[in-house]
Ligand code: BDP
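One chain comes next, on its own, written as structure tokens: the form predicted alone.
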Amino acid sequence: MLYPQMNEKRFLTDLNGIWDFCLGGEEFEEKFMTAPIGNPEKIYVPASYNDQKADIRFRDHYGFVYYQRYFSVPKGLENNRMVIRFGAVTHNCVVYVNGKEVTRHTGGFLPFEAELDSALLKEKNLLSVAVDNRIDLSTLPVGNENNTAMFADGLPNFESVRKTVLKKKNYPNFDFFNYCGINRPVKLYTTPKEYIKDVYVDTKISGENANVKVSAELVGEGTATVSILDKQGNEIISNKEINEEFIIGNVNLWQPNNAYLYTAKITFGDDCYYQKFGVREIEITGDKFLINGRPFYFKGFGKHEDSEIHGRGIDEALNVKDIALMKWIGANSFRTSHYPYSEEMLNLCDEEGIVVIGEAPAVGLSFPEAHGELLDKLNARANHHKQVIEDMIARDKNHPCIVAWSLANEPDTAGSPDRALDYFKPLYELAHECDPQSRPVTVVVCNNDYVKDKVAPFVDLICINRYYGWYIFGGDLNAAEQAMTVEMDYFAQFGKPLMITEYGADTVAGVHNAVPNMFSEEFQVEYYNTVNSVLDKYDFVVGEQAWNFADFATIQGTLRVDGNKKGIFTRDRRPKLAAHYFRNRWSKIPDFNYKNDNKGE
């Protein structure tokens, strides 16, 4: 799916701003879709609705909410194809225009759109969006259905509890807050009736040059042509046909922390589209992860789209700040934990040379034997998982910043190893089939009994989350060092590259101890220093991504004090002591050839 753009052939406007809003119940109510909402609340779009009001009804809402606004279409666009596009609506939604359904969508982290031509009026058009925030065993991410949530308190079985009636709410099987709503931009754009539907730019490095082929999906009769612009916008190649291979001489490569982007201008009849692309190659050879033929070392983080007030809603100023802090600390990468991030963030990473592992929103998966209703829910989840992978790769295939795909985070691959492998094998093959570049595919695992796991050694890149010294052997860093060594010795046998995609310790900013104790800033530094001392000994370890870039919101519970505090930065992006530790460490570790004999560039 192409990212919408304004150019000489296409009109584009945002429908962001203050919308009318109301909370609903568990059942879809069409009355909020076909007529103006009576006595509406006001809410900002795009942003999660949960924290915009000082009201627990918004924070802990369960079920549907309803958004409305009016929009008009400028005169002169009547003969164009008119499309409404949502960047992401979490989790499921139905869209009406002027009282008629125009589309519906399942899944909260990828875009969808609908043509509006037949639904539009000449003047004011009523746009209504119903959003369902409920999660269960059929959704991604997964919700529990037994009144318990990950890292929240369980329910003891005694008399007063048995007689207590609990209000309906979501019980996430994941450790981040279930922020919901219209979280990414809503855009209205036009194309000609015959238009460019999709574009893919294929590049291969050949010495000092690059072989390039641009393909496009076209709607209508005729052929398309391609011109290539350099970074400054100068035309360097003119009027090539679609699917014709040509050469960019003395090519500038897209490199980590040294990005160079070309632009392919595709022209088709009365339509045109400008697709940015980078020339770079990804390969795994033995136990090395190569970018442009050189062994790359991942330095960075797991992250979240999470901030005050916006919740999981897009905040482009914060995106700029986060990338600036990554460069300040010496990072070169992050994983889109635990869902596909906004296209705006990936566009920024393309420009800034930040390496990204794109991840599907498959968190909290288990693989039990199932029958009846449970089997139906698991089948629905599996089908949705396939669709998400297809849509994620279709959206992000042209981003040079994305170097690998993660199919899931922390599935229970050791609890039912054969069923887990049977589940992930076809998804692994699907990801390779969908991606024209066939980027490496991984599943991020976190299994205490890791020797039973058959998925981790099957995928291209072994990614592990590990918390020795925190959840296991809490506070005992000597034990953590031993356990980490034993695990690395185990994974060394597979001859594949491995990176640690999560490791960390909750740390309350401002808590200091002369002797490091859990939750102090000093302990966080000693924790990372201990684990890294083990990772540094193994040549097949190709990266370290700390958990987490910044503190973030979670469900309430005695195990979480105002959210997850494992951030290297606070939620408002102030560095903890560990940030200075990593800045010193990563400044000495080059992006390429780390752990080679020459120990440097």
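Note that the coordinates shown come from a computational prediction; the quantities given were computed from them, not determined experimentally. Residue numbers here begin at 1 and follow the sequence given.
Only in words, not in the display: the form predicted in complex with this ligand, which the text now covers.
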key: Of Phe569, Phe64, Trp547, Phe32, the one that lies within 4.5 Å of this ligand in the predicted bound form (heavy atoms)   = Trp547
query = Ok, Arg69, Arg560, Lys53, Arg573: which has a heavy atom sitting within 4.5 Å of this ligand in the predicted bound form?
reply = Arg560
inquiry  = Within 4.5 Å of this ligand in the predicted bound form - does that hold for a heavy atom of every one of Asn409, Tyr471 and Phe552?
reply    = yes
key: Contact of Phe523 with this ligand in the predicted bound form (heavy atom, 4.5 Å)   = no
message = How about Asn257 - does it come within 4.5 Å of this ligand in the predicted bound form, if we only consider non-hydrogen atoms?
response = no
key: Glu502: touches this ligand in the predicted bound form, heavy atom cutoff 4.5 angstroms   = yes
ask   = At the 4.5 Å heavy atom threshold, is Asn465 in contact with this ligand in the predicted bound form?
value = yes
Location of this ligand contact in the predicted bound form, chosen stretch of 561-569, 33-41, 528-536, 54-62 [non-hydrogen atom, 4.5 Å] = 561-569
remark   = Near this ligand in the predicted bound form, with a heavy atom at 4.5 Å or closer, the residues from 319-344 are His338
